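Taking the form predicted on its own, here's one chain by itself in structure tokens.
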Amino acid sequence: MPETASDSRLRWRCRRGMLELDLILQEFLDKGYDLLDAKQKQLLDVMLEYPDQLLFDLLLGNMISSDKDIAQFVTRIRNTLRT
């Protein structure tokens, strides 16, 4: 099934300057993106604006966001990647 323009744009935004982060984000897109609701997709969009190191630290659990919604969404991403 071909990707839509918005799918391609999202995949491009998930390409980062850090290989490890690229792998985490691409795996999440493959495993969990289709299960997200509109609010969660918006949270992902917000997170993709974060600098690479901050995003990496959140996703690895090295830090916890002070934003409750982001913190919960990061947990969802991490749980999705464990399955």
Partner chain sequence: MSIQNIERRRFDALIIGAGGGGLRAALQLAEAEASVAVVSKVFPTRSHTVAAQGGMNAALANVLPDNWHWHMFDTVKGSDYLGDQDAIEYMCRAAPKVVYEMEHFGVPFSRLDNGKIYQRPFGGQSQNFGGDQAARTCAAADRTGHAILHSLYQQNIRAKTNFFDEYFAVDLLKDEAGNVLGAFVFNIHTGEELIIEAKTTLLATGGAGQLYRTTTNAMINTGDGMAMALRAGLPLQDMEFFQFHPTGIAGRGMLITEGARGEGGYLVNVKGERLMERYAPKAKDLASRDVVSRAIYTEVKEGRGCGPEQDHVMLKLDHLGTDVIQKRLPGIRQTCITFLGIDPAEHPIPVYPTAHYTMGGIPTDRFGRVVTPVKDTPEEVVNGLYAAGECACVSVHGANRLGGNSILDILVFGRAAANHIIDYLKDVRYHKPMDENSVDRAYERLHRWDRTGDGESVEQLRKDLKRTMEDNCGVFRTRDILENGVKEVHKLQERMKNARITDHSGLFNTARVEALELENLMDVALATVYSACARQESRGAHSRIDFPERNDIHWMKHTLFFRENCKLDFKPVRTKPLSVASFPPKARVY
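Residue numbers count along the first chain shown, from 1. These figures come from a predicted structure and were not determined experimentally.
One more form of this protein exists, namely the form predicted together with its partner chain; it is left out here, but the text below deals with it.
> Are Ser8, Ile24 and Pro51 jointly within 4.5 Å of its partner chain in the model of the complex, each by at least one heavy atom?
Yes, all three are in contact.
> Taking the shortest heavy atom distance, is Leu60 within 4.5 Å of its partner chain in the model of the complex?
Output for Leu60 is yes: heavy atoms within 4.5 Å of its partner chain.
> Using a 4.5 angstroms cut-off on non-hydrogen atoms, would Tyr33 count as touching its partner chain in the model of the complex?
It does not: once its partner chain is placed as it appears in the model of the complex, Tyr33 has no heavy atom within 4.5 Å of it.
> Check whether Glu20 has any heavy atom within 4.5 Å of a heavy atom of its partner chain in the model of the complex, and answer yes or no.
Yes, Glu20 is a contact residue.
> Phe28 versus its partner chain, in the model of the complex: is there a non-hydrogen atom within 4.5 Å?
So Phe28 does not count as contacting its partner chain.
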